[in-house]
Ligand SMILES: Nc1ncnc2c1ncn2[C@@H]1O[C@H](COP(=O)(O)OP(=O)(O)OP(=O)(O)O)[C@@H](O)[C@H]1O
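Single chain ahead, by itself, as structure tokens, in the form predicted alone.
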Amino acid sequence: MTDVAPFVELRGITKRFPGVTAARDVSISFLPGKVHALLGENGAGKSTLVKIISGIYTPDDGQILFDGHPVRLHAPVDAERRGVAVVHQHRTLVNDLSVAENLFLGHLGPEWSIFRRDSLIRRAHDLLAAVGLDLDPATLVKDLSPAAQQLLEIARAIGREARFIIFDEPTTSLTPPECEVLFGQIRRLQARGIAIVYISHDLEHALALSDEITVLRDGAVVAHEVGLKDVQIVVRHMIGRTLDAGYPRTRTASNDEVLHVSSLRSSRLNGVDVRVCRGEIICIAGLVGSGRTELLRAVFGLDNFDSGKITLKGAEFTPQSPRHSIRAGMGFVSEDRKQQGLVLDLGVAANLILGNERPLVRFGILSAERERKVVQQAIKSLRIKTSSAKTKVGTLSGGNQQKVVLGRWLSRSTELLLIDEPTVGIDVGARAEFYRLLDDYAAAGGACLIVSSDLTEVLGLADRVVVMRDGASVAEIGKTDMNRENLLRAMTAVAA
């Protein structure tokens, strides 16, 4: 038992919404100077608790205590005044404002004047130095890397004298080296006595960082462990069973090339060579800014390229547009499924057939019966969890949303799938399902080219890995030589 009193304590917290209880009698204590991982599948109740602690939701039952005293939070400003800060998965920074303006946004008051500007700039320098950022405070946020933006969020929390910081999926857009920088900052905050809540679907990272964990399932606490480092035990707590092998491999690669990219160059690409055969899953690894996403966009016809050659199914192919590529048998799954892959206010059915209506049209009219068959088959084969085909896709979990995007391409004759960051924001159970679908697709003769920042995912999925750096492909690593050390060395140009 510890003698340290909790900074924040939840006692019997319950939160109900129409038709669902999002939090059920939850009791958790968060201690100063400790990293507490809050884990669970999508829909387990993590986001609800974060919103309760940060003053967005008011619980229906139970108490919130700060420093041992019951409080009632009516708005986020109430939580902020008590020292709560949230570093969100999706940045809350304003891209067209400067670093300094973002640091003090909402807290400028009369100080932001020509007479006090110098003192605020000095304060900005101090906050940036506290998180290891050497930046000009006048720099626009849109010119910062994802890692720098993440550290800027932390600096803003420090500037508001936060005593309790919640990190919600902080590593989704960071590369492994950038993650290590972030983890170093979290440990420094911990050493200062700040209470840390860490939420992530990357269980290895969460367990490595945390002093204790709480696992939620269906809105209730199902486990609390101190010092646990065994991922499989956490998975069993999360989903109520031991997870099957996460990376199935029933596919057999052939020598039949579906895609061959040779010396591709553009304003962001500096000579890329990639080949993908039927039955293969090829992963592209590299740091943010290495040109990974730009490669997929060029192949799919979203971006132009200046020189080089794309061969598709044995014939030279120059994509004129995404529509041209789709008709040639390609599919593209964007990293940002909510903004670029789905229409959140439309139903599951409408999203599944989006852009694929032509085969369902009869005599100039969309056949309701044909649509129903295609949609029901996709929902069944992909195991999409939805109460109805008409359910708005925006209400589904991240894993089910990603299945809808994938289902759109699998319901047509797609021979090459280009996928950017396939499992960002998807929990461990849904990831296993998604990997099964990809393996099934490749086993049936499909070809996959996947960009992923998750090296565990790359090592588990790939038949071969192409490493990119500075817009160029710099290495191809086969299965026998595929390990984390070799990937990181190639990604960062560290000599053996």
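The first residue of the shown sequence is 1; numbering continues from there. It should be emphasised that the depicted structure is a prediction, and the values quoted were computed from it without experimental measurement. Note that the rigid core is defined as the largest set of C-alphas that superpose within 1.5 Å between two forms.
Keep in mind that the form predicted in complex with the named molecule is not shown, yet the notes after this line are about it.
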Of Ser29, Thr456, Ser47, Ser54, the only residue with a heavy atom within 4.5 Å of the named molecule in the predicted bound form is Ser47
Contacting member of Arg408, Arg251, His201, Arg297, with respect to the named molecule in the predicted bound form [4.5 Å, heavy atom]: His201
Does any part of Thr395 reach within 4.5 Å of the named molecule in the predicted bound form? Heavy atoms only, please. yes
Taking heavy atoms only, is His88 within 4.5 angstroms of the named molecule in the predicted bound form? no
According to a 4.5 angstroms non-hydrogen atom cut-off, is Ala22 in contact with the named molecule in the predicted bound form? yes
Whether Gly279 contacts the named molecule in the predicted bound form should be assessed with a 4.5 Å heavy atom distance threshold; does it? no
Non-hydrogen atom within 4.5 Å of the named molecule in the predicted bound form for each of Phe17, Glu41 and Asn400: yes
Just checking, between this form and the one not shown and with the core aligned, does Arg383 shift 2 Å or more at the CA? yes
Compare the position of the CA of His224 between this form and the one not shown after a rigid core fit and state whether the shift reaches 2 Å. no
Exceeds or equals 2 Å, Cα of Arg82 between this form and the one not shown, core fit: no
Sense of the change in Cα distance from Asp440 to Gly398 in the predicted bound form - at least 3 Å versus the shown form: farther
Are Gly399 and Lys46 closer or farther apart at the Cα level in the predicted bound form than shown, by 3 Å or more? closer
